[in-house]
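Shown here is one chain on its own, the form predicted on its own, set out as structure tokens.
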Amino acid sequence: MVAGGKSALAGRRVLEIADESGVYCGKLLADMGADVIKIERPGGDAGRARAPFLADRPGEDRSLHFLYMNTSKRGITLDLDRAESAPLLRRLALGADIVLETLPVGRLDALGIGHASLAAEKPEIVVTSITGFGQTGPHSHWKSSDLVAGAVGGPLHVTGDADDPPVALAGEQNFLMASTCAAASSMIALLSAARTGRGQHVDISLQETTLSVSHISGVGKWLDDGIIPRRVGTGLTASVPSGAYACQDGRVYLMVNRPAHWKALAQWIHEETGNEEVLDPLFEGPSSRRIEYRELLDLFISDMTALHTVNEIFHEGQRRHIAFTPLQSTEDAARDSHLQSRDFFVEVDHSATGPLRYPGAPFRPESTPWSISRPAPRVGEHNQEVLGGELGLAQETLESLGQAGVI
């Protein structure tokens, strides 16, 4: 774990009622110091059964995805469909600065903790909702997923080979970007509430977020150059040349966006291979001028990368200010010398797994250090602490609620 001074969100509380589309938002806020209370259904969240598992053995506390996405949070169980839960849920919500939720539109109001209802009693509260298509509009009640967000948001339209079906982006990037946007927006709303005394309902649409962050499929290239992005294998229409190129011991990825980057690359190819054609002014200028020559330029680049190892291309590319990066496996990334020298990975000791190395800080604020303060909670680990100690429920009441399946 990472030690440091006072965190950015120290003293703030977040109530998280989120599935996989918003769980990363809760993690971002928790690792920045917020006291995030995660509500799971009795028996545990569905995310606990999600692969991959530690040592490939399924189990309640062995999902690597769950362990990573829920660091620094406290966890309680509560069946939101039970009437007995309603007063507890409302007390928990009113005790929070932010309520983070990914429930279907209208469900929060039905549970008695919609923004308007909470704000009537606590005007400064912030409610952050992540849904497929936002809280209003003709599609607000449509179901969504990371795959659907990628389809309606554009990335599937431009990912993969032209003659093949679309390809989904790996790693649920649409969920991650929506969660990141939700975390940033929540902090803005929190700052505004501190200044004005009035909170907000932060409305995050998966589709809208995907559209806004996906430069590979957005309107930018159309507005700039009249280009409609298409599927071109590992490359991008917005960046020509671009794609994965074979080296002697693996592959590197290249993106060329600016005229100066192309000229630097062309000069390098000429030096290495003696190719005179690559220096033709015909290829100079913005990416749009090189689109029709993509296949030819790929051959020129491949001739050069085949002469070197991945590291040679990567480091020389950096020296020449050309955007090359190694294509790494998960194992390669875990051993990456740059990440090691930056102390990116941190050790987290979980009672069920023992110490494991986790990906560390996504950013490093200087004055308010980032930190994983605790491992992911076990099922109902903090029921006694939160429901008993903080809400004041008697032990016999907790036992009764447990026996009835409410918690």
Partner chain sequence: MDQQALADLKVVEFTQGMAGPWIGRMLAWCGAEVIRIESHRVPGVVRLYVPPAAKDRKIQPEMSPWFTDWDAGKLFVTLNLKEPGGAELARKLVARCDLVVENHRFGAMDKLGLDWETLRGVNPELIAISSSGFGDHGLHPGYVSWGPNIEAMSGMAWLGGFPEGQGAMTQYAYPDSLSALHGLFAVLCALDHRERTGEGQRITLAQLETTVAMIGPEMMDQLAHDQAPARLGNRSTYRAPQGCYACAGEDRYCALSVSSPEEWHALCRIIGREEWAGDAHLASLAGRQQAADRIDEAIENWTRSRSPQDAAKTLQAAGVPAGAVQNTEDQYRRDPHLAERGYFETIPHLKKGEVVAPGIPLGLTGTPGRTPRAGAAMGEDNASVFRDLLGLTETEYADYLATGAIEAPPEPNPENPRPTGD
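Just so you know, these numbers come straight off a predicted model, no measurement behind them. Positions refer to the first chain, counted from 1.
The following text describes the form predicted together with its partner chain, which does not appear among the structures shown.
Engineer: From the list 309, 117, 185, 273, which entry has a heavy atom within 4.5 Å of its partner chain in the model of the complex?
Structural biologist: Going through each option in turn, the one that passes is 185.
Engineer: Please identify the residue among 322, 94, 269, 80 with any heavy atom within 4.5 Å of its partner chain in the model of the complex.
Structural biologist: For this set of options, the contacting one is 322.
Engineer: What stretch, of 84-92, 131-139, 296-304, 106-114, brings heavy atoms to within 4.5 Å of its partner chain in the model of the complex?
Structural biologist: Looking at the other structure, the answer is 131-139.
Engineer: Would you please decide whether residue 203 lies within 4.5 angstroms of its partner chain in the model of the complex, comparing each non-hydrogen atom pair?
Structural biologist: Within the cut-off, so yes.
Engineer: Flag residue 10 as yes or no: does it have a non-hydrogen atom within 4.5 angstroms of any non-hydrogen atom of its partner chain in the model of the complex?
Structural biologist: Residue 10: yes, in contact with its partner chain in the model of the complex.
Engineer: Residue-level contact is defined here as any heavy atom of the residue lying within 4.5 Å of its partner chain in the model of the complex; does residue 335 satisfy this criterion?
Structural biologist: Judged by the heavy-atom cut-off of 4.5 Å, residue 335 is in contact with its partner chain in the model of the complex.
Engineer: Residue-level question: is residue 75 within 4.5 Å of its partner chain in the model of the complex, judged on heavy atoms?
Structural biologist: So residue 75 does not count as contacting its partner chain.
Engineer: Along 380-407, which positions have a non-hydrogen atom within 4.5 Å of its partner chain in the model of the complex?
Structural biologist: Heavy-atom contacts to its partner chain in the model of the complex: nothing from 380-407.
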